[in-house]
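Only one chain is shown below, in structure tokens, and it's the form predicted alone.
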Amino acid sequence: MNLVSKSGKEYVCVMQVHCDYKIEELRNIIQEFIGEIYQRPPVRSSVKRRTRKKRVYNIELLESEGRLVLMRISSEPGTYMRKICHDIGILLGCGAHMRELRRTRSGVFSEDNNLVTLHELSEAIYMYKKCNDESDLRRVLLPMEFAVCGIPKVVIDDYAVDAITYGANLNAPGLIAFQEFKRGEDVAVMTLKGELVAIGESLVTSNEIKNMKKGAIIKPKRVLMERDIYPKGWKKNEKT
């Protein structure tokens, strides 16, 4: 869940401007909020009210009718949409506030890919438990590997898998392939079959790995695969 909550977000929001305005002037003001901005959380917020830097990836003005403006905004997590609306109103010179807000994407999860309601999920579980029918459950559930689409990955040897499920670090000899990542970054540890073994913190950069023949590369933070599914690599090494 941390991977999802800390990933980029996309919203559709309705802003009400407190005066008549020229659409081109509004477009120009909106463009000023794309990029890195300074933002102080609103009075009613769940975090400490101190000025923070946030990155807004894009703001698209979708539609306007009277003083109502429909926008699609993508940003890094923790960015307040109602504050953006408020600040746009200040630059317009008359004020504005957010009327409605809907989150349409969180990380790789969006309204366009297999979004279901809690009621639909409850029905699917009921059909599986009471009627032994898993067809609805298979339709609404996604493989957990889907959740790590947005982070770097390493692929490991089968004999390194079991040790990691017991909490061991991933060492250089167990590595088969890797994507680029920085030191301290979250990295997904995958098997050769594409199964998710664990989420770990990189102890080195991907560039450093190229010259490594031994030493730790990834420290597991969350193991997701059950133990003893893959052969025990350390027992194999003891025999040899």
Partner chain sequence: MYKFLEKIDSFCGYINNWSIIRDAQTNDKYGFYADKRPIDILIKNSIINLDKPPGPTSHEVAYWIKKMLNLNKVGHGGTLEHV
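Computed from a prediction, not measured in an experiment: that's the story for all the values here. Heads up, when I say rigid core I mean the largest set of C-alphas that superpose within 1.5 Å between the two forms. Positions refer to the first chain, counted from 1.
Below, we turn to the form predicted together with the partner chain, even though it does not appear here.
Figure note: of the listed segments 68-76, 86-94, 162-170, 124-132, the one touching the partner chain in the model of the complex, with heavy atoms no more than 4.5 Å away, is 124-132. In the model of the complex, none of the heavy atoms of residue 183 sits within 4.5 Å of a heavy atom of the partner chain. At the 4.5 Å threshold, heavy atoms of residue 103 reach the partner chain in the model of the complex.
For the chain shown alone, residue 19 is not a contact residue for the partner chain in the model of the complex, no non-hydrogen atom being within 4.5 angstroms. The partner chain is not shown here, but in the model of the complex it comes within 4.5 Å of a heavy atom of residue 153. Contacts to the partner chain in the model of the complex (heavy atom within 4.5 Å) from stretch 119-147: 121, 122, 125, 128, 129, 134, 137, 138, 140, 141, 142, 143, 144, 145, 146, 147. Once the rigid core is overlaid between the shown form and the other one, residue 41 does not reach a Cα shift of 2 Å, moving by less than that. After superposition on the rigid core, the Cα of residue 70 moves by less than 2 Å between the shown form and the other one.
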